[in-house]
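What follows is one chain in structure tokens, specifically the form predicted on its own.
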């Protein structure tokens, strides 16, 4: 029930300080007063208190942050945790940097978030791609099998996998950890979509044997947007190595408000999280049962996926209904219920402990009606290329990123090496990344994905041209 950082933040808000240091808004809007430019900025900065010289003093002498991080570690079964304000993107970069080095091979789940590519560019490590199993009918990832780690042709300096996946499927982390331990190499789990699993007995990645876990506190819990935590078990790599990389990738002006929300979220879960999660899981199970009655609609669950599925996620497979997921998603947006993601065949909805159980069940009935309103002739599921890409790596991401580049029309790029990233967002999984061979298959996949979502992080959003490595 302790919340040292959150309590310190609340105290700082009442002190009426007039600091002679940053931030430039000088905490003038904390009391709701209508100071200069209030109509432009007041609503946005009224809760903004820096950690340094705000929540704590300039020397962090009270140790509020380290105390809060220790409480998070204790609550989730970790030995050491660090709070992040750069999201799980910062966490993934930090994790890869902690275990990797220039030109060292690291085995990475290809369906991982594009932030893994950023980490590879920064440290210069060589990706050795591993692939999840795909559902034979739905064409979605259903977990990385331990055999994918155990059958590599070269020695790697660590293993990186994503669980839960973007669609909510779970890998058997205990089995993956057993393989990693047999090689005496660390296992990193990107658990960005599963922070709540840390508060379900034995379900968190660290509790199941992972050496590192990255969690987004703002996705499935109730923290401020862009808050995350990276946690580790002692053993293979010293804490000081992780600390060094967290400090290197962190801002020197961290937000006490954002970090205090991590502490508050953890305290809330300690106070009443078990009951709230149980109610959420029961409500989602009820919603799944109701939606499964819709003719032709497949609802992802342990039974339909053939693997464990996050019990708080709603993922719908639409081809049997004939409904177009993009149109269903647009209709939900118009109602104020925008989905996490929608493509032609799939609708993904993220639920959390903030959602009232009664509302979840009501929403399931509304969702059934919306799908019914868009019903059409049943069809076969389309292969989803986001989950099936198997790149041909020519250069490390860092080499390709730093080399001289030139721009060519997309149609002329086949056989060249990409110098940039093409990433459908959501889910944020790259179809083509720096250092990979441009193929007809990859270009077709990019075009297909662009019909249902934006293609992010490429230099030409029209997709007419591409930057390639200059030979």
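Numbering follows the first chain given and starts at 1. If you're wondering where the values come from, they're calculated on a predicted model, not measured in any experiment.
The form predicted in complex with a small molecule exists for this protein as well; it is not shown, and the discussion that follows is about that form.
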Q: Indicate whether the small molecule has at least one heavy atom within 4.5 Å of a heavy atom of residue 425 in the predicted complex.
A: yes
Discussion item. Although the partner isn't part of this model, could you tell me whether residue 87 comes within 4.5 Å of the small molecule in the predicted complex, counting any heavy atom of the residue?
Written reply: yes
TODO: Flag residue 138 as yes or no: does it have a non-hydrogen atom within 4.5 angstroms of any non-hydrogen atom of the small molecule in the predicted complex?
DONE: no
Report yes if any heavy atom of residue 192 sits within 4.5 Å of a heavy atom of the small molecule in the predicted complex; otherwise report no.
-> yes
Per contact check vs the small molecule in the predicted complex (non-hydrogen atom within 4.5 angstroms), the hit among 216-224, 247-255, 129-137, 294-302 is 216-224
(message) the small molecule is absent from this chain, but in the predicted complex, do 113, 162 and 166 each have a non-hydrogen atom within 4.5 Å of it?
(response) yes
With the partner omitted here, the residue among 92, 171, 315, 231 that in the predicted complex has a heavy atom within 4.5 Å of the small molecule is 92
